[in-house]
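Only one chain is included here, represented as structure tokens and corresponding to the form predicted on its own.
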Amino acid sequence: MKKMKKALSLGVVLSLTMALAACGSNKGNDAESSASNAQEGVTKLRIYAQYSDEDTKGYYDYAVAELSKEMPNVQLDLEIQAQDDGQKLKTYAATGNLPDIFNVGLDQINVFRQSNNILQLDEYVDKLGFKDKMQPSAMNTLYTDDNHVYAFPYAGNELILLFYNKELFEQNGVKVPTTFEEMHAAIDAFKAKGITPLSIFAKEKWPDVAFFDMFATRYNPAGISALDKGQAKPSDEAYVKAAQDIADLVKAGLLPKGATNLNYDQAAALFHEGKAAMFVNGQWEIEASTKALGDKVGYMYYPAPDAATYESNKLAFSGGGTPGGFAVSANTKDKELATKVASFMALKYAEFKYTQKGSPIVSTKVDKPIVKTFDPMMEQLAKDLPNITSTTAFAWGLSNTKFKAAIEDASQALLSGSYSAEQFVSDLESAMK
């Protein structure tokens, strides 16, 4: 049965690929596009965007309202984006029915660029000044690996933060660690008080990879992304040292007993209830931790092997993002107008998120006043974002599937306390051969 399913799946993929290729090769023919000159000088453009709940409706409604002021001659015909991992969009591409403007992720970009269904936007990001409006630290969300642009991004880089309970550190006279030596001192101090030094939901493997990545960035700011792209080897000094640092800290008592069996609720409860001094999660944890701990919670920059490395690398973050956003069909009738509208929509989506959703995690610069005040940690993050020197990748963003599987297993094993740095490196090297 498994083989039959595999064969059927392969057949569907081949059919879809052939259809996409056929459609892409039809450039210059009479491919349908919904861009049309309507009556009374109004141009209608078909757009495919999220609009499924109150959250996603807010972004779209705001951008459309702003568009009506800036380009009153443009009317958008919204088609609500299906929650189907992009399958409907791929079907549209295969049948030559792509909307003029559509919201895409990297997966769809890679499929559509091979079939020439997506408009390359290189000349437009310069012509429209969009490139100049990007956050310097978010340029990785603009360019794909072939150094071209296929979508106007609005979402920024998601980041891994090392949260800490300020009150626990102050009450117990513990210095917020900047070096691994200070991290060991913090472990000893908290253990002596019966406080878990650091909580992590290591039952899920992506936080384990992120934790390793945090340490790897102290030696190589590219972290796991350099391994994923084949630009570094697990046996390189940076990764050997990072694995050894973690093994040493785990052995010293950094984590709660059975950490690799803890889910998010269990691990977060330790931190939120003041039973753990530190916690690892993405920046999306800010709201939950602030709700639980108020102004007691903050985030620290990752510790490093020495003070000099800490200072030079403290704004090299684990985490990241991928290209995506509003793209334009290669077959739209009015490329100039469609790209102008797509760029405008992306800028307004970022503006809404920044000013009204209380989040500075956007790809483009925003100069409008904030409507919803940032939480204190978001305020700190908003100040850090323009100065971030590098980002890496989350486990789910790794492109090398063999490496992804191997580092997920090895990182989790490293946190078990019964797995050495040598085994970690050896297993990764073996998996990547």
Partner chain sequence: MNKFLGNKAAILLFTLPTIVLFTVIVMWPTMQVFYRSMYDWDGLNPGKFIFLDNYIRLFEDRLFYTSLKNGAIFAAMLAVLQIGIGTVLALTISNKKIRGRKFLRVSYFIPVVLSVTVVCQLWLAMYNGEYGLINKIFETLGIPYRQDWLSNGKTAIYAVAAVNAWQNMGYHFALLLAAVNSIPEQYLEAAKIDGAEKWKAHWKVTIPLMAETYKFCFILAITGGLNAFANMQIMTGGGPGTDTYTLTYMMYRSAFRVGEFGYGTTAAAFLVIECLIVTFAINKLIARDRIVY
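Residue numbers count along the first chain shown, from 1. Note that the coordinates shown come from a computational prediction; the quantities given were computed from them, not determined experimentally.
There is another form of the same protein, the form predicted together with its partner chain; it is not shown, and what comes next is about it.
- Contact check for 90, 402 and 430: all three have a heavy atom within 4.5 Å of its partner chain in the model of the complex.
- Proximity to its partner chain in the model of the complex, defined as a heavy atom within 4.5 Å, holds among 314, 205, 133, 272 only for 205.
- Contact annotation: of the candidates 259, 74, 286, 247, the single residue with a non-hydrogen atom within 4.5 angstroms of its partner chain in the model of the complex is 259.
- Contact check for residue 81: every heavy atom lies farther than 4.5 Å from its partner chain in the model of the complex.
- Proximity of residue 375 to its partner chain in the model of the complex: non-hydrogen atoms within 4.5 Å are absent; the residue sits far from the partner.
- Although the partner is absent here, residue 115 sits close enough that one of its heavy atoms falls within 4.5 Å of its partner chain in the model of the complex.
- When contacts are judged by a 4.5 Å heavy atom cut-off, residue 111 counts as touching its partner chain in the model of the complex.
- Heavy atoms within 4.5 Å of its partner chain in the model of the complex map, among the stretches 341-349, 259-267, 321-329, 150-158, onto 259-267 alone.
- Shown without its partner, the chain has 405, 406, 408, 409, 412, 413, 416, 418, 426, 427, 430 in segment 404-431 as residues with a non-hydrogen atom within 4.5 angstroms of its partner chain in the model of the complex.
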